[in-house]
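The chain that follows stands alone, in the form predicted alone, written as structure tokens.
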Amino acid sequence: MAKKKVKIGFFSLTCCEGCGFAVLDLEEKLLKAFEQIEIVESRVLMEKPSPKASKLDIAFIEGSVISNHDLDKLQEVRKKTDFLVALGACATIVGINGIRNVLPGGIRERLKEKAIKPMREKAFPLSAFVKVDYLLQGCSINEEEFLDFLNKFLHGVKPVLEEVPVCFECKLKENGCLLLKGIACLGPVTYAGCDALCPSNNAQCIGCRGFTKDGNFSSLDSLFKDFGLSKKERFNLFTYFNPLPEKLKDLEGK
């Protein structure tokens, strides 16, 4: 008797859909998984639209909640899936959409007036409204990390987030520390899992995988200040992908 396939759906809220295309880029590697999975909903991965599934084993959702339309869609998917995965920075930490959260009120109001759909006051990650069972972080996601998650899930292994910073991966790769070069890098306070992609190419980490729970933000901010970064520059760096950490609230009101 053939083993029942795992029913999977991919959904997009407000985002660029880059994470969905990252999954598509897996090509043959993803095809191998089709012996065990069935993609029943996906605007990007399916050739033709299909009727909405009544039940899903896994739902991958990318994008942030910035409208009531987003919220309705999120809650609808949550009700019919056993396991919900936030896919990428927009879904896990609000990501680029979160920039509007730190804009001056007047600019936010003007953006709201020009919006195609009615917008909420701020952008929110999925976890602000529903239970999220797992986070696949990054902008866009790490394709190999996606495959690793899927492989573990299909074999009954509960995926667990590695709560270590990007610096850990830099050490494994024997990268020279960008901080020692005077480059304002967020690697010490950002979750690893990207294989230290940016620092390995001599580019600063800007926190797209989210901030660690125990990051020493005050010390890092003090170092950036010594580098000559202004209050505004430090505020912008810490809030490029993430909400401003509580310990750095004095950077507000720039």
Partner chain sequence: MNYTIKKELLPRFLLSLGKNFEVIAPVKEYARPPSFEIFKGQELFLDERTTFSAKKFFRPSKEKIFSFKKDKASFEISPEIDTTKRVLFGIRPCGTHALQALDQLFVKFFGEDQFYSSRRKNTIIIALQCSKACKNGFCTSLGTSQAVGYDILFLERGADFFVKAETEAGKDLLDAEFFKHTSDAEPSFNLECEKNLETKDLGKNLYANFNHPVWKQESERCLSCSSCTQICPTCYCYRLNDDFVFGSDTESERNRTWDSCQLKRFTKVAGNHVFRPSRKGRLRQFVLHKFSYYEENHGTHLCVGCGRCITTCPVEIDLTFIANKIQKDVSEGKK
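What you are looking at is a predicted structure, and each value in this text was computed from that prediction instead of being measured. Residue numbers count along the first chain shown, from 1.
FYI, the form predicted together with the partner chain isn't displayed, but the following is about it.
Relative to the partner chain in the predicted bound form, residues Leu147, Leu172 and Pro188 are all within 4.5 Å by at least one heavy atom. The contact residue chosen from Pro165, Gly138, Gly98, Pro125 relative to the partner chain in the predicted bound form is Pro165, the criterion being a non-hydrogen atom within 4.5 angstroms. Interface residue among Lys32, Lys55, Lys225, His69, judged by heavy atoms within 4.5 Å of the partner chain in the predicted bound form: Lys32. This chain is displayed without the partner chain, yet in the predicted bound form the stretch 177-185 from 177-185, 71-79, 130-138, 84-92 comes within 4.5 Å of it by heavy atoms. The partner chain is not drawn, but in the predicted bound form it has no heavy atom within 4.5 Å of Gln204. Interface residue remark: Arg110 is not counted as part of the site for the partner chain in the predicted bound form, having no heavy atom within 4.5 Å. None of the heavy atoms of Ala59 is located within 4.5 Å of the partner chain in the predicted bound form. Using a 4.5 angstroms threshold between heavy atoms, Cys194 stays clear of the partner chain in the predicted bound form.
Looking at 199-223, the residues that come within 4.5 Å of the partner chain in the predicted bound form, counting any heavy atom, are Asp214, Gly215, Asn216, Ser219, Leu220, Leu223.
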